[in-house]
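The chain below stands alone and is given in structure tokens; this is the form predicted on its own.
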């Protein structure tokens, strides 16, 4: 028997869900445009090798991939940043940097489902490419937090945990981890909240850390959780790595966003291509995993054969944020609405109803016709259900006189108007 359920981990969007999705996407899109970003897109299918990385990224194991009829290895995109890198490299010599681009793609990952995690989601991606200084960080973080305020969230609900991967690179160098093992170690460290300390330590041993290095690493994280002031003494000669993070905090203070920010040196981000600033948005109640995250990825383009170009951005999925807003009762109650519901009461009136509705649409109004030919009471009830501001009643006697009956649904008042006069000036 054919199943009527969506594929496990995916979603259907009925009109009521689409209204909420469109509301959220509109906030993302309008915020992006307000900050001067341009929209782009790419195909949901990409070459599998675009996502295969040697550092042990989980995303490599989560691909929906297959061989197409031409024998090529293809994948449904699990994230957008590699596609962005590909697009930029194709036209690098004709693009004017810095680029400020955004998109809202659908992504697929075969991962274990938990609260706020599905195998399909939409994701707001916003990136600045070609701008190396910290002003790029401030721009993307400002856009992110501005969008949250449009949903009703503020610093009492969420925090942005910020770190700099150079701090972790400095720590790993200070405890004797060769630079070519840093990325692998950080991919494991990113699992700290998911795994037991024993399992995590064993994975780090597999990467090459000995017991003394593990003790120093764990001591660093314990100190970092207590106070950022304790971080520097664990970095030795690499202590200057903290300076960029402190400067970023100053800049965010200057634009009025400091209340959102928490320094958290345990934030790594699981993707190996991050090189500097990294951040994750969390709810202060701690009921959800990361709501969104991002960071600086200055070397990603070079991994595909191009030269290094400074870049920073974030990915903001639609699943977790909707669950958080529902938890806080901040999701709006959205209804379908139209300007006019045109209501014929017999098949003979159908041509007139079609004409009236089409002329209203031509005048710029939203107009719907109901050809179920219900009785008056049921027809008006249906007009109310679909959110009609006014109903245009095609009553037989009035139509014979060239008149329409226009009912104000909220005021429950009616007027009889000349058909042509009304269609020439519906308001």
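Positions refer to the first chain, counted from 1. A quick note: this is a predicted structure, and the numbers were derived from the prediction, not measured.
Although not depicted, the form predicted together with another copy of the chain is the subject of the following passage.
In the predicted complex, at least one heavy atom of residue 122 sits within 4.5 Å of a heavy atom of another copy of the chain.
Residue 424 falls outside the set of residues with a heavy atom inside 4.5 Å of another copy of the chain in the predicted complex.
Another copy of the chain is not drawn, but in the predicted complex it has no heavy atom within 4.5 Å of residue 260. Residue 42 belongs to the set of residues with a heavy atom inside 4.5 Å of another copy of the chain in the predicted complex. This chain is displayed alone, yet in the predicted complex one of 181, 194, 336, 205 has a heavy atom within 4.5 Å of another copy of the chain; that residue is 336. A heavy atom within 4.5 Å of another copy of the chain in the predicted complex is found for exactly one of 324, 200, 76, 186: 76.
The stretch in contact with another copy of the chain in the predicted complex, judged by heavy atoms within 4.5 Å, is 84 to 92, chosen from 84 to 92, 315 to 323, 209 to 217, 275 to 283. Scanning 359 to 392 for heavy atoms within 4.5 Å of another copy of the chain in the predicted complex gives 361, 364, 365, 366, 367, 368, 369, 371, 373, 374, 382, 385 in sequence order.
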